[in-house]
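The chain that follows stands alone, in the form predicted on its own, written as structure tokens.
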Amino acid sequence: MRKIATVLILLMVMSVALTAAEPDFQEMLRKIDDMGNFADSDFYAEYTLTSQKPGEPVAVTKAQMFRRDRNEQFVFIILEPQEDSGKGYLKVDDNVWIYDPQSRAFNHSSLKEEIQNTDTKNSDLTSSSLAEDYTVTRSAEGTLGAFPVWILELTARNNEVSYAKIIIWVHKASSLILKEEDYSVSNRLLRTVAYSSYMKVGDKFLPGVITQVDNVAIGERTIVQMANPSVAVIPNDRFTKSFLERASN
């Protein structure tokens, strides 16, 4: 009986030790957010979105992004294709607006809106708020290729986010997200995302290449590439409707 009791005590101690070794996953989400957000500077980059759909020619969208995370503002302006040049997205406070240069009108949009009929949403290119919007409901250790990862299941805390549930594969050493799966409220897999490279911008890290695979429309995917990032100060007028109107002329 003493041997059994000793074994049970050892198992309990080991269990407590393993539990203690497990990281604080909500803190991990905060770290992920912080690595990609710019609280103390502005952020600018150029993006190329390459959309591939079965039976259709490859569609390429080129755009400029202006972000001011401390005010939760962003502007996204289409440069190419020519027929959509000047089309833009603007976030001011809690409102997202889309500007149509043809009608010269603003229409209300949302962070859930797809950009140029691609697999990319406005929320993919804005500041990260995983710790605020999601709760870690399940965790496991694993590998992705040769990389040791934490596999975290996140459940949405509100209905403002683009996906009700996401699963992320987080590199253990760097806390960078390597893979993501996005799910609907009914637990249907909608999209799979691979983050194949990161770029250091100032003291932050942002995905340099993202591949988004549509799991509903089979065969569709979008490749997002970032170039020429900068943390230089952006003029205040960039974050206004009048700037979008002027930029389209």
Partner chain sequence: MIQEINIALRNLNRQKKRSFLLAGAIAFGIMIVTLINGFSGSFVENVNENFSHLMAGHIFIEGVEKTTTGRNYYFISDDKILIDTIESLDLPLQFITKRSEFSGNLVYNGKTLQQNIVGADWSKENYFSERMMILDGSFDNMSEPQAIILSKEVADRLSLGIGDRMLVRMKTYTGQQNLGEFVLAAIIADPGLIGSMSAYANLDYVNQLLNLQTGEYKIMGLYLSSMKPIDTAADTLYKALEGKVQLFTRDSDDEETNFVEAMMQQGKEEEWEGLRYRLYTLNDILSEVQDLVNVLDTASLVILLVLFVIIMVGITNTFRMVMLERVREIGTIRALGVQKKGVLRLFLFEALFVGLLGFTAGLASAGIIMAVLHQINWGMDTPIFILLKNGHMTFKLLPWQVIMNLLVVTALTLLAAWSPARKAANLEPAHALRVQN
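Numbering follows the first chain given and starts at 1. Just so we're clear, the structure is a prediction, and the values are computed from it rather than from any experiment.
One more form of this protein should be noted, the form predicted together with the partner chain, which is absent from this view; the next part is about it.
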Counting only non-hydrogen atoms, the one stretch of 41-49, 27-35, 209-217, 66-74 within 4.5 angstroms of the partner chain in the predicted complex is 209-217
| query | Wondering, does residue 190 line up within 4.5 Å of the partner chain in the predicted complex on heavy atoms? | reply | yes
task: Mark residue 197 yes when one of its heavy atoms lies within 4.5 Å of a heavy atom of the partner chain in the predicted complex, and no otherwise.
output: no
query: Is there a heavy atom of residue 163 no more than 4.5 Å from a heavy atom of the partner chain in the predicted complex?
result: yes
Does residue 158 make contact with the partner chain in the predicted complex, using a 4.5 Å heavy atom cut-off?
-> yes
